[in-house]
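Look below for two forms of one protein chain, each set out as structure tokens: first structure 1, then structure 2.
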Structure 1
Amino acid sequence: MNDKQLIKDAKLCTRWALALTFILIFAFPGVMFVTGYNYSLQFFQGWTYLAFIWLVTAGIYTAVRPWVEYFLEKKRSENV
């Protein structure tokens, strides 16, 4: 991989890492803390659904992606 591509990747991942950090540590909890919002039943329900959906999606991603990469790599090496 050439240096130009690595620099481009570095810029992109820096933006993502900083943006996600800002949202997770300052934006969302900041608003919730300042307002002192008490969860309603509906909000709590949404919160638990979010935890569940995030878990299942992350699990599927983690389980499947290495296999996809493995087969793509195999196909590529066979073509070469």
Structure 2
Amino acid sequence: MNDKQLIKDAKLCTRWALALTFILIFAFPGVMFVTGYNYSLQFFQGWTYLAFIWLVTAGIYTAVRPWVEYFLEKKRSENV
């Protein structure tokens, strides 16, 4: 992978990360706060479970993805 493509992909990932952070942390709860929604314990538990599921999924993907790329690259180099 060349540097130009790497920089382009890094910018794309940064934009996605910032957008998701803004939506999940500020926009969604902010709208509920502005409309006067009363947070209940069940809502907080659901929100917390969703956050942990998101965290675990992202961690697994981040840990496994380099291994998958490594084996795919190794397999590709063996076929050449």
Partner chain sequence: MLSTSTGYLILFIFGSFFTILTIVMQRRRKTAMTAEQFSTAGRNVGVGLASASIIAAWTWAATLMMSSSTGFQYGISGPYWYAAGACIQVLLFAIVAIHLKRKAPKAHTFLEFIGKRFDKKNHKLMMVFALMTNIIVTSMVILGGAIALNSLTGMNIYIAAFLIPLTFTIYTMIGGLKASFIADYLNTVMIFVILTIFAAAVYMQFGVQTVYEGLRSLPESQQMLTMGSIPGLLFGMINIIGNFGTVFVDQSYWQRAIASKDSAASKAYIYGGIAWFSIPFAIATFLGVTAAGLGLNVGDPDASAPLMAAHVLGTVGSILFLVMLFMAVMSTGAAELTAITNIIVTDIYRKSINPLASSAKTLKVSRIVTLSFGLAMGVFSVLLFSIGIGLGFVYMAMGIFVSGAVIPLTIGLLWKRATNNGCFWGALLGMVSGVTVWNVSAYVMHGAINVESLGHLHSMLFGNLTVFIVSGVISIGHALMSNEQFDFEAMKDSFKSFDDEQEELIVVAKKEVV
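Please note that residue numbering is based on structure 1, beginning with 1 at the start of its sequence. In this text, the rigid core denotes the largest set of C-alpha atoms whose superposition between the two forms falls within 1.5 Å. It should be emphasised that the depicted structure is a prediction, and the values quoted were computed from it without experimental measurement.
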## Note on the structure
Note to self: form predicted on its own is structure 2
### Query
Rotation (°) of the smaller rigid part relative to the larger between structure 1 and structure 2?
58
## Note on the structure
Aligning on the rigid core, one finds that residue 28 shifts at its CA between structure 1 and structure 2, in Å, by 2.5
